[in-house]
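Before any questions on binding or motion, here is one chain by itself as structure tokens, the form predicted on its own.
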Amino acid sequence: MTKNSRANFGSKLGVILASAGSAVGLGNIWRFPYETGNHGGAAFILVYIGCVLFFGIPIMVAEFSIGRHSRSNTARAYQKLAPGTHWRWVGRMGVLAGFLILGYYSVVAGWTLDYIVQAASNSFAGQTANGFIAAFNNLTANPWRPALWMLAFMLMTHFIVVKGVEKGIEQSSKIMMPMLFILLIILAICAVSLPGAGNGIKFLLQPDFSKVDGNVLLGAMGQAFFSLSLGMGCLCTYASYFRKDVNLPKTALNVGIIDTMVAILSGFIIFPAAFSVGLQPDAGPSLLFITLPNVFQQAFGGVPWLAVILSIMFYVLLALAALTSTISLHEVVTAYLHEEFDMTRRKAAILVTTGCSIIGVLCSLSLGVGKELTIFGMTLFDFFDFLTAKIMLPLGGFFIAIFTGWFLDKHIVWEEVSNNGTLKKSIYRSWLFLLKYVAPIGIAFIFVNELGLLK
């Protein structure tokens, strides 16, 4: 593809929905409520919103600026903006992070498809809490069933990416993001109408500032960083398809608002439903695949058809959230191969799908029959999660802030961020201060905290 024939998003709405889809994922629906539950309810939400505004959005604008000005994939972007320097490795690290994350993330995404089928077949009916635990453990330990669902999810992602930027990514985002919000609202209405749901709503909205300490701030910054998909090349790659009339700060603000709304709406599903049946939210897969099926069964089991419908809707919601993220991760690597190695888009996508499917199968097996094979004491699944989430992404975000704030030509930065001078200089200076000083220091604290060096 030549520079002049490079694809673009067809509309500003498509830009916002596709970028928001990249940010919205499974982490919004399980990690955010879990962090909220552990860190003072509404107090954590207020701190988190502050971190999004003063920490996440400045870096997002920086990533957008790098992508749009370079009009290139993440790896080539830094080569074009800083030729002959080592900055190119920041872009390449983003591509590698996207590749590895897509490999293991698709395993969890595949579980959502399995649970849609289980919900539709009414397999949850009559199960006890121990039954849900056993069912989930049987799924993850099975040598072929989760791998097949992972491959099915990978193929869904592949076919959307192959169709291209406007007809594939943009059109799918325009369908999936509204569907996701509709499902969130319906499920939230059902959850808050349950007997005893008021305690969950109170917990979500009534701040407990006694729990706010340094760990809460670090937790909120980490959640904002990972929730917004910063440092993995997705936003930079998508921005390379932005037209010149796209207002970057406004787009970043809209993405941050949508991402936060999804997280908070998820809280309105999980907290009222869990509190109504006397359960506390938990972390990770156990929340999505053990606790919540139990909640649906206890809360709505008296009306079997309603329990089935709401269970299906919830796991469809999870699948949509996962799919909008896997599409962006796939596109990061596909664009890189397509442009750097002069491949057709279809061939590049096939290579990405094949490579990530191999990683996905190995990660899936590492949770069952292959769990004895470890790297630094971690299963392959846990190792890739640690390598990307705790090392590669924080480093990527840190260097994006340093590159844009300190190294990139200030005229390029002003042109991109100000939308050719239409942004007030006072707002621009405030953004630049946050990017140059606040964001790198915040990321550095997150990095050392995630590695356990502050404990």
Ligand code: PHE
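All residue numbers refer to positions in the sequence shown, first residue = 1. Here, rigid core means the biggest group of C-alpha atoms that superpose within 1.5 Å across both forms. This is a predicted model, so every value here is computed, not measured.
The form predicted in complex with this ligand exists for this protein as well; it is not shown, and the discussion that follows is about that form.
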Practice problem: Examine Val333 and determine whether its closest non-hydrogen atom to this ligand in the model of the complex is within 4.5 angstroms. | Solution: no
Exercise. Find out whether any non-hydrogen atom of Ser65 is located within 4.5 angstroms of this ligand in the model of the complex, and reply yes or no.
Key: no
Self-check item: 4.5 Å heavy atom contact, Ser325 to this ligand in the model of the complex
Solution: yes
Quiz item: So in the model of the complex, does any heavy atom of Thr404 sit within 4.5 Å of this ligand?
Solution: no
Self-check item: Single option in Leu435, Leu17, Ile446, Ala23 placed near this ligand in the model of the complex, where near means a heavy atom within 4.5 Å
Solution: Ala23
Self-check item: Contact residue in the model of the complex, chosen from Phe153, Tyr115, Phe314, Tyr105 - any heavy atom within 4.5 Å of this ligand
Solution: Tyr105
Quiz item: Quick one: which of 227 to 235, 355 to 363, 334 to 342, 77 to 85 gets within 4.5 Å of this ligand in the model of the complex, going by heavy atoms?
Solution: 227 to 235
Quiz item: Are all three of Gly27, Ile101 and Leu329 close to this ligand in the model of the complex, meaning a heavy atom of each within 4.5 Å?
Solution: yes
Practice problem: Between 111 to 148 and this ligand in the model of the complex, list the residues on our side with a heavy atom within 4.5 Å. | Solution: none
Quiz item: When the two forms are laid on each other by their rigid core, does Ala263 show a Cα shift of 2 Å or more between the shown form and the other one?
Solution: yes
Exercise. Superpose the two forms on their rigid core, then report whether the C-alpha of Phe32 is displaced by 2 angstroms or more between the shown form and the other one.
Key: yes
Quiz item: By the 2 angstroms cut-off, has the C-alpha of Tyr48 moved between the shown form and the other one once the rigid core is superposed?
Solution: yes
